[in-house]
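What follows is one chain in structure tokens, specifically the form predicted on its own.
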Amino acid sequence: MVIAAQDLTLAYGDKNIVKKVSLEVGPRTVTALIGPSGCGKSTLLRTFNRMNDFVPSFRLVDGKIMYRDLNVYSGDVDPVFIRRRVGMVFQKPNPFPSSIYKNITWGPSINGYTGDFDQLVESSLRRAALWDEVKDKLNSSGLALSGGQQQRLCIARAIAMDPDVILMDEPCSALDPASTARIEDLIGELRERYTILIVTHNMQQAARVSEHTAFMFQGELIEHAVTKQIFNAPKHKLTEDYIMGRFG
């Protein structure tokens, strides 16, 4: 187990959004979180690296989030450390309004990185399948890149922090089909090195990129299994109905 939710209940104000969810994710796998809008999948995802801490009404009602042997919400655990080890890629590409080079080096530099920054930039961009496209314009603004390139730059920025886990919250929803295919290919390459959790509304995408799929409905985890089982022989009627497009 690399990361896990244990009997987890999460709320915004007085409304429970995630209800008694238990989910374990193993090393170097891709797990897709699927379900209709508002089912709690993004809230759950953002709890794994404490991004929900920035939402004033958010609270952890019960249960635990574990990163390896650490209780992520324990008072003696530094959330900055957790966010270094559990990186995040958001729905909309959000490069910093600075150069491609600085997009990669900013995080490591403020966290005390003392290695070769040129090498870090190249290796991060190579892992994100972007190096060949930008190697001659590293001092150009990251905002000048296409949407798909910006998203890969954001993935490279996460990789530069040397994470153990990468969370992706609908990383392709704002991209065209060609850029989506590039990101999906990249996820296939990154799984050899990182544990990846991806929230997606695109069930075909979940089937293509993930080894495990978790289906959520109204805040509850309905079913979690190998992706082929979820899509070909789901055990729960709600899962089958969602997969078949009967709701959501």
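Don't overthink the numbering: it's just position in the shown sequence, from 1. Every value quoted in this text rests on a predicted model; they were computed, and no experiment measured them.
The form predicted together with a small molecule exists for this protein as well; it is not shown, and the discussion that follows is about that form.
Visitor: Within 4.5 Å, heavy atoms only: does G40 come near the small molecule in the predicted complex?
Guide: G40: contacts the small molecule in the predicted complex.
Visitor: Using 4.5 Å between non-hydrogen atoms, is I17 touching the small molecule in the predicted complex?
Guide: Although the small molecule is absent here, I17 would touch it in the predicted complex, with heavy atoms inside 4.5 Å.
Visitor: Could you tell me if Q204 has a non-hydrogen atom within 4.5 Å of the small molecule in the predicted complex?
Guide: Output for Q204 is no: heavy atoms all beyond 4.5 Å of the small molecule.
Visitor: Report yes if any heavy atom of P36 sits within 4.5 Å of a heavy atom of the small molecule in the predicted complex; otherwise report no.
Guide: Within the cut-off, so yes.
Visitor: Pick the stretch from 40-48, 24-32, 66-74, 177-185 whose residues have a heavy atom within 4.5 Å of the small molecule in the predicted complex.
Guide: Residues of 40-48 come within 4.5 Å of the partner.
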